[in-house]
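Take a look at this one chain, the form predicted on its own, written out in structure tokens.
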């Protein structure tokens, strides 16, 4: 069984993997709802951080607890908690971002309580001189809370070791993405998505070994069939494998992304530091690509040039925005990025995603978008 197949099995049986990890290690498991949660603090205490993902199945249990106009990711993840899919969690952690996912966190704790919970405040005004010291303070408080919960002190040595494990994962994942710059790219975009999804579900040491195996296998694998359109996927939080498979079934390849469960998760290393909490605060506030909610208050927005830079580096010919329904920050974000892409003559299309995506409608729209680019290329 190849490394990619092993990762795919973890995604398909994510709850079984987590329960098996506990049986093997005796450790605790904490679910988290946002990429602004510093997993390294949990990992240094022997806790397995597990990203809460959607099921993309119809749900009818969240209406009493969150508004129907809350984004699809918030409702889908809350449904998983209310239905008991994550009943094995010992803790639930949230790094404050938007009000919708904050309501998911609050409702989960009220109606599917877990032994431990923690809300980490992450400043929105990250350009402020006070942002980093503020986040250092709050991460320090989170560290103390995790120590009290687990009964295990988190030394600077343990925290530095955890940071190195996670930074190794980031470096290896970047090497995989670098293979997508070739023409044709080495992997299908859906395979890259699976790799990053698995990294948010697995013990990072185990995932690092699989990444090393996959990189070794890459030189032996035949490259992807050359597609005539290289795409970028810009997404709020899109972990729907079937949706990405649909796009690539039409003859295009997603070579890079700006996705909450893609590059916005792993880009930006923490690095070695005598003050690991300060280094973590710097990385999570400014060292990783910003989510739109953190890029609103800045004087000069970072996301448009960042996205255009990725598109240029990977030779992108077109962009698909996969925006979760009712996601206000990404609705605000989209026009500025479309404008920046247009200045580079990169066309784009916006698809509004739901808990269960209308794949038939998406097929028609993506086919028309690809055909437009193919005609213009003649």
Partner chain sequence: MVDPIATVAQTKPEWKKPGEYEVKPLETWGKIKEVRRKHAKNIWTAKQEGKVTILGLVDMASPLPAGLGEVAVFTLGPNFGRIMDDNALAAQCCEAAEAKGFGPDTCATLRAQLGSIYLGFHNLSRSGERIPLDFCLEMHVCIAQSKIAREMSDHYDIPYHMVEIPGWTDPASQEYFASQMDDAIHWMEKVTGRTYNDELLIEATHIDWRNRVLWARILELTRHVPSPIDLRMIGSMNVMLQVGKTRSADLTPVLEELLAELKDRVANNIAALGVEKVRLIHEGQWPQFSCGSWAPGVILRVGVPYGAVFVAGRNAFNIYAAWEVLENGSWRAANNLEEQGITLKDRGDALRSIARLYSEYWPNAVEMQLAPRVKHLMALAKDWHADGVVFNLDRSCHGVTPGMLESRPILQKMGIPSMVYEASYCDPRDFDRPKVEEGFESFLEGMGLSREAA
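Positions refer to the first chain, counted from 1. Everything numeric in this text was worked out from a predicted model, so none of it was measured.
Another form exists, predicted together with the partner chain; not displayed. Remarks below refer to it.
A single residue from the set 279, 131, 89, 112 has any heavy atom within 4.5 angstroms of the partner chain in the predicted complex; that residue is 131. This chain appears without its partner; in the predicted complex, the one residue of 243, 96, 265, 149 with a heavy atom within 4.5 Å of the partner chain is 96. Residue 26 falls outside the set of residues with a heavy atom inside 4.5 Å of the partner chain in the predicted complex.
Contact check for residue 125: a heavy atom falls within 4.5 Å of the partner chain in the predicted complex. Shown alone here, residue 293 lies within 4.5 Å of the partner chain in the predicted complex, counting heavy atoms only.
The partner chain is not shown here, and in the predicted complex it never comes within 4.5 Å of any heavy atom of residue 204. Residues with any non-hydrogen atom within 4.5 angstroms of the partner chain in the predicted complex fall in just one of 207 to 215, 243 to 251, 257 to 265, 132 to 140: 132 to 140. Of the residues in 84 to 115, those that come within 4.5 Å of the partner chain in the predicted complex through at least one heavy atom are, in sequence order, 96, 99, 100, 102, 103, 106, 107, 110, 111.
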